[in-house]
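There is one chain below, alone, in structure tokens, taken in the form predicted on its own.
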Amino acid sequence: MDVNVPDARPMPDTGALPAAAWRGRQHGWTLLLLAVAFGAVPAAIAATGSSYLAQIAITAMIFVILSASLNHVTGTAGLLSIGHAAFYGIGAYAAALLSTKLGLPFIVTLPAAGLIAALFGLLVALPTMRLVSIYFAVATLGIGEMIYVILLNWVDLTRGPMGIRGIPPVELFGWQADTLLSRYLVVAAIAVASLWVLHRLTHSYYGNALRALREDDQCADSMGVDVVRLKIESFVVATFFAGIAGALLAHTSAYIAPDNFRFMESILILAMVVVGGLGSLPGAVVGALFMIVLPEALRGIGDYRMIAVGVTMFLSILLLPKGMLTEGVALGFVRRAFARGWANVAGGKPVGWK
């Protein structure tokens, strides 16, 4: 008996936007992000001449990278890491030591810091990836404290609590970013590039596999997903970008010390991810900006500002338990935008997100 099996089922009506409309919306969001990062903020810094404003903007961009990278492993892959600041510190010290002791330029120390942090992430991931839930979180806590103690006590290499001073500023092909505005522009460009890479990873078949193991790793394993390998890869990717953020801190502040990478920094980064929306890359960006800008905006109320920040965080979690910009909202937008891409593929076969 002959059975006719269609090559591909007809795509359901998803209510997708017309192609021109979704492309316009995508471009609109991208242009808005670029306009704020490279237009509004630099214009405000140039108009006011405020080094304080510039330093806040640089710090915000660095924490955007950290928050987005932690969201990749904790929000998307479901691995609760509370030692992220340790890899931030490894990247910062790697860049500082390579530039001050070996005289390597920024174009070398930046990727080297990311790779060294990723190598340490791999060494941590190999023995811990079979741990689940709170046990993995406690393991990362222990690793974070161990690395902090090493940075604090290995005086011959790290100068201990005195930290490392005189780290060269950002220099690219003979051009030196010797002003705060130029440093901000370099950090913002690297932050935007990092977000783009993480966005492409998150909204792909690979990102869907990460969400599958987050929801039920045993079920994902039974479906043929290599769970342990995916967990290791996601952890290494996250630590790579944490190392990049550390290198940016070292080269823009010219000074680092172990206190920059304590447990509280890890909790701050985790709070950014949770407040913004666990699993949502736009939420991680919003959470980082919120947690960096709000305490500075409330300096007018003096010592009460941290109380106000705590109350605001409490209310945001109470009223918005899934975050300011939830994963469902972020994924819904991407799926609406890409629905036309599913339907209009040459040959009629949907390919999903690329």
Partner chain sequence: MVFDIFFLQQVINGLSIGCVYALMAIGFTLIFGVLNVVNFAHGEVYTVGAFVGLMVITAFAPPLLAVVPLVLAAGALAGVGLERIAFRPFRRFNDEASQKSRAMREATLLSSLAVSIVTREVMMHLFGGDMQGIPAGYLLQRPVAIGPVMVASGSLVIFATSAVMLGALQFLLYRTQTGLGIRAVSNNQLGARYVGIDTDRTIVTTFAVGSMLGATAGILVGLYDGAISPHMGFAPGVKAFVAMVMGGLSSIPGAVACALLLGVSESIATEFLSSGWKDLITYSLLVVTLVFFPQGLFGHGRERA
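Everything numeric here is computed off the predicted structure, so don't read it as measured data. Numbering follows the first chain given and starts at 1.
In what follows, reference is made to the form predicted together with its partner chain, a form of this protein that is not presented.
Undergrad: Give a yes/no on whether Gly39 approaches its partner chain to within 4.5 Å in the predicted bound form, heavy atoms considered.
TA: Contact check for Gly39: no, nothing within 4.5 Å of its partner chain in the predicted bound form.
Undergrad: At the 4.5 Å heavy atom threshold, is Gly49 in contact with its partner chain in the predicted bound form?
TA: Output for Gly49 is no: heavy atoms all beyond 4.5 Å of its partner chain.
Undergrad: Using a 4.5 angstroms cut-off on non-hydrogen atoms, would Tyr135 count as touching its partner chain in the predicted bound form?
TA: Judged by the heavy-atom cut-off of 4.5 Å, Tyr135 is in contact with its partner chain in the predicted bound form.
Undergrad: Are any of the heavy atoms in Pro127 no more than 4.5 Å from a heavy atom of its partner chain in the predicted bound form?
TA: Yes, Pro127 is a contact residue.
Undergrad: From the list Leu278, Leu195, Val186, Leu98, which entry has a heavy atom within 4.5 Å of its partner chain in the predicted bound form?
TA: Here the answer is residue option Leu278.
Undergrad: Only one of Glu145, Asp259, Asp226, Glu171 gets a heavy atom within 4.5 Å of its partner chain in the predicted bound form. Which one?
TA: The residue from Glu145, Asp259, Asp226, Glu171 that makes the contact is Glu145.
Undergrad: Just to confirm the contact call: exactly one of 249-257, 264-272, 198-206, 280-288 touches its partner chain in the predicted bound form at a 4.5 Å heavy atom cutoff, so which is it?
TA: Heavy atoms within 4.5 Å of its partner chain in the predicted bound form occur in 264-272.
Undergrad: Does its partner chain come within 4.5 Å of a heavy atom in each of Thr74, Leu141 and Arg214 in the predicted bound form?
TA: Yes: Thr74, Leu141 and Arg214 each sit within 4.5 Å of its partner chain in the predicted bound form.
Undergrad: Using a 4.5 Å cut-off on heavy atoms, what residues in 306-321 are near its partner chain in the predicted bound form?
TA: Residues within 4.5 Å: Met306, Ile307, Gly310, Val311, Met313, Phe314, Ile317, Leu318, Pro321.
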